[in-house]
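In structure tokens, one chain follows: the form predicted on its own.
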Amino acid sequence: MEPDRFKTLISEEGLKSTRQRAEILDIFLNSTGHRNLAEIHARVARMNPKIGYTTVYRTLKLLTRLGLAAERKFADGETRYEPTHKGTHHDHLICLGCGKIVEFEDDGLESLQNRIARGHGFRIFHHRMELYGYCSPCVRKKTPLRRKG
């Protein structure tokens, strides 16, 4: 994201653009996956140890309000954040064994969801799909060995 665009978004919220917010934004936008507050703070603290936990928390809440971050709460109830990208959408496979989160995109699935909504006269504003189960390694761990013979 362009620094000037971030400054504009911040000022529209009646807030000041600070170096700390810009640093948190940069680290957050350049991260991958779904990170909890502690993980994001740890990354930020490596770059600037003077930035506190509360500052990171408030900045993540601000980024969520601005549409630059999405809060996700999966089955474990822990809040995680991920950067959002306009015009893109993905869904999630969540392993109940190890907690692994796999993002996936499927145009056919999106098309089907839109067709179902239209068939019911429904206009979709937002949706989220989370499929819970076990990843291959966890399935192998849970499957008892079968004896031959």
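The numbering used is simple: start at 1 and walk along the sequence shown. Here, rigid core means the biggest group of C-alpha atoms that superpose within 1.5 Å across both forms. Here the structure is a predicted model, which means the values were calculated and not measured.
Unshown form predicted together with another copy of the chain; subsequent notes refer to it.
Contact here is defined as any heavy atom lying within 4.5 Å of another copy of the chain in the predicted complex, and by that definition each of Q113, L131 and Y134 is a contact residue. When another copy of the chain is considered in the predicted complex, P49 lies well away from it, no heavy atom lying within 4.5 Å. A residue is said to contact a partner when one of its heavy atoms sits within 4.5 Å of a partner heavy atom; V102 meets this definition for another copy of the chain in the predicted complex.
Contact between F122 and another copy of the chain in the predicted complex is found at the 4.5 Å heavy atom cutoff. Remark: V139 counts among the residues lining another copy of the chain in the predicted complex, judged by a heavy atom distance of 4.5 Å or less. The contact residue chosen from L66, L37, L29, L93 relative to another copy of the chain in the predicted complex is L93, the criterion being a non-hydrogen atom within 4.5 angstroms. When two forms of a protein are overlaid on their rigid core, residues whose CA moves 2 Å or more are considered shifted, and S136 is one of them between this form and the one not shown.
After superposing the rigid core, the C-alpha of L96 moves by 2 Å or more between this form and the one not shown. The two forms, fitted on the rigid core, differ between this form and the one not shown by 2 Å or more at the CA of H127.
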